[in-house]
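So this first bit is one chain, no partners, the form predicted alone, shown in structure tokens.
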Amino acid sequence: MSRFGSIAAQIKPIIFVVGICFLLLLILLWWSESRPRPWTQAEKSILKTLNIANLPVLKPDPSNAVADNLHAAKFGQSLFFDTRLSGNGKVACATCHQPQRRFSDGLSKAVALGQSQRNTPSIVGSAYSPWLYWDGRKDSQWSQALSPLEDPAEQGSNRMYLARLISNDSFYAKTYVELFGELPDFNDTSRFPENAGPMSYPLWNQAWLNMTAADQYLLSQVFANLGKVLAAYERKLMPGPARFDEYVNAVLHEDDTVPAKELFNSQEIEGLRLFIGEAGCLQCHNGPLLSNNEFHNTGLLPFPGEVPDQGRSKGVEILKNDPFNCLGPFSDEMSHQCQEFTYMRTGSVVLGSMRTPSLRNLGGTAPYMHKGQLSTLAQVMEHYNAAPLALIGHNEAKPLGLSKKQLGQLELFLNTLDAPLSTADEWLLKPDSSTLGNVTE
């Protein structure tokens, strides 16, 4: 045997052993990845706070006396789907807040009579937020519900038309009287013109200015009450338990009938670990609805062709001057506590900040961010990973430095938050044909 043949014969067993060791290492890596490490007690405590089972009972809204009245909710449900509330008779609240899209519309910016300034946020679970709209310019669901009715880009109607519509619809008039007392007689055209409102077209606005202050108040009271019944309906729109919540239940109760490993795969688990840990998502997205309901600047680029959005700093100014805010004359909050309103953050600290949305049901609410700037969750992950400088104000986020794999894991986890709404009442998700359009002769 040659010298080289002898060396080769000696090396073969070594190569074989190294190959076996390498194979065992690969098997060990696969095994360790397929069997994630157990959750610590500290981590379990965090997961418990995110479980929708820990969503507290919804507190009463002291600014809305009919907030939890079932008749008011059914009245509001009819109004929500009624296109007659718009200037052209074709646009309802449900035009932009579509039940099949988790009460959003799938557009970067809402489109009704015109194009809105911002993206349509889902209203599911919004009763838990002290602020409405991306900039928080409304402090109750009922006051928020009023704005689209008069906005020329949305429903483009006016207070006088809406009040007369309620008076002339048999179901609406009867239910209104039961909830709020007698309606004013709007048939006196010397007092109540055909169309009038303070935020509408010039002719409507002039007609409004020609009315007495007392009649303006009567009309605005009816208008405010429409917002209150719409809010009574919207308060019933709540997210249901998702696969994520099932997984948390299984983790917290190890003797659960469904083992956790059957609910989440290893990549979703790693995404969840990143969410509550290294990615820092809990700074804004915490609690059972995964939102702190506060305002943050995350350095988003403005919508193409637009200047940067001032966000909350502008929203605060609008809110303070809104007659329908918590301290206004149409609020039912007689004690005038309104602590959220009184102690809200203001000034440059909130410049460019937007309200933190819930992360539940993200799969049905794309595109994302306050003007729909980002089309996919992958783009959202990349944005937060880079944390670019803000064009206005200060970006509170810091670059994450996560790998492509980790970003993908985060996205996989976020998809586990999708779930049907928490309701057994089918009427919540569609118009009630038995009550719509009962116009008196």
Partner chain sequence: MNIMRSINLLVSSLLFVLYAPSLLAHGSVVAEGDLCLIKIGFYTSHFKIFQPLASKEREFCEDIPASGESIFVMEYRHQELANVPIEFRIINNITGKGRFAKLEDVQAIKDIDAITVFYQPPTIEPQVFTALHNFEQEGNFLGIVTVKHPQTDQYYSAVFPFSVGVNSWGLIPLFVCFALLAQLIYWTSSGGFGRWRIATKTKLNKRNGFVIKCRPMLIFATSFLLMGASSETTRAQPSWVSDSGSLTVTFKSEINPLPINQMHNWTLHLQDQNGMPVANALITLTGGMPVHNHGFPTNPVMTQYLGNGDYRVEGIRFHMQGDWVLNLVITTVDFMDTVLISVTL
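Numbering follows the first chain given and starts at 1. These figures come from a predicted structure and were not determined experimentally.
We do not show the form predicted in complex with the partner chain, though everything after this point is about it.
A.B. asks: Can you work out whether His394 and the partner chain are in contact in the predicted bound form, taking contact to mean some heavy atom pair no more than 4.5 Å apart?
C.D. replies: Output for His394 is yes: heavy atoms within 4.5 Å of the partner chain.
A.B. asks: Determine whether any heavy atom of Pro60 comes within 4.5 Å of a heavy atom of the partner chain in the predicted bound form, and answer yes or no.
C.D. replies: Contact with the partner chain, no.
A.B. asks: So in the predicted bound form, does Ser335 come within 4.5 Å of the partner chain, heavy atom to heavy atom?
C.D. replies: No, Ser335 sits far enough from the partner chain in the predicted bound form that none of its heavy atoms falls within 4.5 Å.
A.B. asks: If we define contact as a non-hydrogen atom of the residue within 4.5 angstroms of the partner, is Ser348 a contact of the partner chain in the predicted bound form?
C.D. replies: Yes, Ser348 lies within 4.5 Å of the partner chain in the predicted bound form.
A.B. asks: State the residue from Gly89, Pro302, Gly277, Gly114 whose non-hydrogen atoms include one within 4.5 Å of the partner chain in the predicted bound form.
C.D. replies: When the partner chain is considered in the predicted bound form, the option within 4.5 Å is Pro302.
A.B. asks: Residues in which of 162 to 170, 77 to 85, 201 to 209, 348 to 356 have heavy atoms within 4.5 Å of the partner chain in the predicted bound form?
C.D. replies: Every other range fails; the passing one is 348 to 356.
A.B. asks: So, Gln310, Ser313 and Leu389: all three within 4.5 Å of the partner chain in the predicted bound form by heavy atoms, or not?
C.D. replies: Judged in the predicted bound form, Gln310, Ser313 and Leu389 all sit within 4.5 Å of the partner chain.
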